[in-house]
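In structure tokens, one chain follows: the form predicted on its own.
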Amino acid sequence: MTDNSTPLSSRHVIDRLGIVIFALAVAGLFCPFVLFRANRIVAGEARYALDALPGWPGYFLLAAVGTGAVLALLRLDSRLRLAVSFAALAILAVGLGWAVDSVTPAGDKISRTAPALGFWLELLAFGLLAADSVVRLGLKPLSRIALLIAVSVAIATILLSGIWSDLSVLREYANRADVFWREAATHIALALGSLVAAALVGLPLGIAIHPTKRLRAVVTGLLSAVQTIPSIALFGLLIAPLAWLAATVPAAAAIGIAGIGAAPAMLALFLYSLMPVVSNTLAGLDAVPPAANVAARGMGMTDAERLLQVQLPLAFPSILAAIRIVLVQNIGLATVAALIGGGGFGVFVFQGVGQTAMDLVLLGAVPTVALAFASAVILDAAVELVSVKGRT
């Protein structure tokens, strides 16, 4: 009697993305874990994990990362992969805090200790594993929002615990806490204010030009041309006319309009926001089934009633998708506003670039990325919820 069974091929056991994750995590083990500098401008001293975490903490960190990397190679259940990624990220977070505390002299307030290449490679590896696991799980919209809240609470807990208090970027924050929150409010006001203005103008504009093809082509062509102008160039182009307006019209100057500052930044972001709002409004109205319009007319609805009760509700998912695009776009573009005195997180980014202080750059960049990511997750879930509701 012969055995016809064949051994399980390794390609059925090993995950392709897992190979990349394994390579990144293992490479991180052979790279410096933290970088210590006596002050914010001198060259740093690289410290490997076992140097920064002598004794069992260092060996535990290496073992945990190595185990997580091996598990990432295997085709495991997505829930288990997600648990492995979160466990590895939590261990990295705690290990970073311990490493920074270990290498920072007691009572020292001048030195700077930052994550080095090894930490970033391992963070990237297990961040990829977490993202891939979430995608494979196919979580419902509300579940994705709940996961975002849970991750946010975990990060807030770490920050409030003080385990990262000696981390270089948080030392920069401690020195600029009042300025940080003022610029955070400015950044959010620029992003949200320009979005609201674009929605108030772009939605009626899209509705108005929808029936006329020639007018649609002209308006969308002009708005597309605005999109092609680089952000720094557009900010610069608005300085002269707004400065003239402020000098000529006292009322304009009285409400804060000037050649530099928040006014040109808000106007530029508004102009960039119009195209997505108008184009998605048109796309949403185009997607309304002809049968729905015919049925509404048969019920005796006026044009205004059809617009408000049939067309706009059916086009709403497309409009909400435009709001998602604009908000994420404006959160990023608002960073450039600092170049013309508009404020926002870009203040720290450009100060850091000018002073060759990477910690300052991170102080502005990390919150910007976090805001954009959270906004995308929440609005993606909202679009999906509205779309599902519209189909039922």
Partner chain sequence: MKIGALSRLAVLILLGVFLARPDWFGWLFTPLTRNGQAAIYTQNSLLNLTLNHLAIVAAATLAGSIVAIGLAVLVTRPAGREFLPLSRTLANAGQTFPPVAVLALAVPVLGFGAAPTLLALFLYGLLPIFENALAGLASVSPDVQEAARGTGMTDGQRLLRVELPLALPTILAGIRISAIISMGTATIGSTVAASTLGETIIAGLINSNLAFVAQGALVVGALAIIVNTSLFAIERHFSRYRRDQR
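None of these values were measured; they are calculated from a predicted model. Positions refer to the first chain, counted from 1.
The following text describes the form predicted in complex with its partner chain, which does not appear among the structures shown.
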Non-hydrogen atom within 4.5 angstroms of its partner chain in the predicted bound form for each of L128, V353 and A376: yes
Picking from 62-70, 41-49, 25-33, 327-335, which part of the chain touches its partner chain in the predicted bound form when contact means heavy atoms within 4.5 Å? 327-335
Within 4.5 Å, heavy atoms only: does A240 come near its partner chain in the predicted bound form? yes
In the predicted bound form, does P230 come within 4.5 Å of its partner chain, counting heavy atoms only? yes
Going by a heavy atom distance of 4.5 Å, is L362 a contact of its partner chain in the predicted bound form? yes
Is G236 one of the residues lying within 4.5 Å of its partner chain in the predicted bound form, judged by heavy atom distances? yes
Residues of stretch 339-360 in contact with its partner chain in the predicted bound form (4.5 Å, non-hydrogen atom): L339, I340, V349, F350, V353, T356, M358
